[in-house]
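In the form predicted on its own, a lone chain appears below as structure tokens.
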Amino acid sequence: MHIDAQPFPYTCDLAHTALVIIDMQRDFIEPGGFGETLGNDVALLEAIVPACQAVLQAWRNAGGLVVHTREAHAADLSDCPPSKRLRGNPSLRIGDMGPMGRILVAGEPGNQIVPALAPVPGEWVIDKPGKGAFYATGLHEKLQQAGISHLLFMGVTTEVCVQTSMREANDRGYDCLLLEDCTESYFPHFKTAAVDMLRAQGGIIGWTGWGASVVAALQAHDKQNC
């Protein structure tokens, strides 16, 4: 399967590729969540949901593996270092009670993925205590067992959890593609810088492309296999 991308086309085999959706959680995306309590405009993140939904549906229709991640901590915060919880001066901290339950605590309403992108049976859901999807999650081992060598990334935020996860994946030998219209930051110039960094120097971390290109490639793949 060939996908239009930068700095050059991205090639992958559907059977060995996973779609990884990073942290599309209510606490980050919906009004009243943790992201908004930090003073951010969550509408910027909410705007990418339709593009993510289009890619997700096409990927599901093609039978591809889907991985959802959530930044989530144990109820006793034993997996949340004090340095993470106490940094800065937010009005609410991880573990505090917010409008959608305890912030970034597994099982709380705000910790769930937005309904438009909610996992369906058979899709993987990875709760991660850090920014990256590979830290303390066992994701690499699961992907290796499934024969996955290529990863397509969507989600938020571009310069934090998405970029961290993509860099972790690159170090573990995966060929990675980030979908620019399916990722966003509370700070648009941070997204621009992160995207430029990832694809610089011939794709030093990976490729960048667009959701429509993935959908088109999947449609072409389906026709070839009819």
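All residue numbers are counted from 1 along the displayed sequence. Keep in mind that this is a model prediction, so the values were computed, not measured.
Same protein, other form: the form predicted together with tricarbonodiimidic diamide, not shown, and the subject of what follows.
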I need to confirm a contact call. Of Cys161, Leu65, Val42, Ala62, which residue comes within 4.5 Å of tricarbonodiimidic diamide in the predicted bound form, counting heavy atoms only?
Cys161
Contact with tricarbonodiimidic diamide in the predicted bound form for Leu152, defined as at least one heavy atom pair within 4.5 Å: yes or no?
no
At the 4.5 Å heavy atom threshold, is Val156 in contact with tricarbonodiimidic diamide in the predicted bound form?
yes
For Leu38, is any heavy atom within 4.5 Å of tricarbonodiimidic diamide in the predicted bound form, or not?
yes
Using a 4.5 angstroms cut-off on non-hydrogen atoms, would Tyr186 count as touching tricarbonodiimidic diamide in the predicted bound form?
yes
196 to 204, 27 to 35, 172 to 180, 48 to 56: which one contacts tricarbonodiimidic diamide in the predicted bound form at 4.5 Å, heavy atom to heavy atom?
27 to 35
Within 63 to 93, the residues having any heavy atom within 4.5 Å of tricarbonodiimidic diamide in the predicted bound form are Glu71
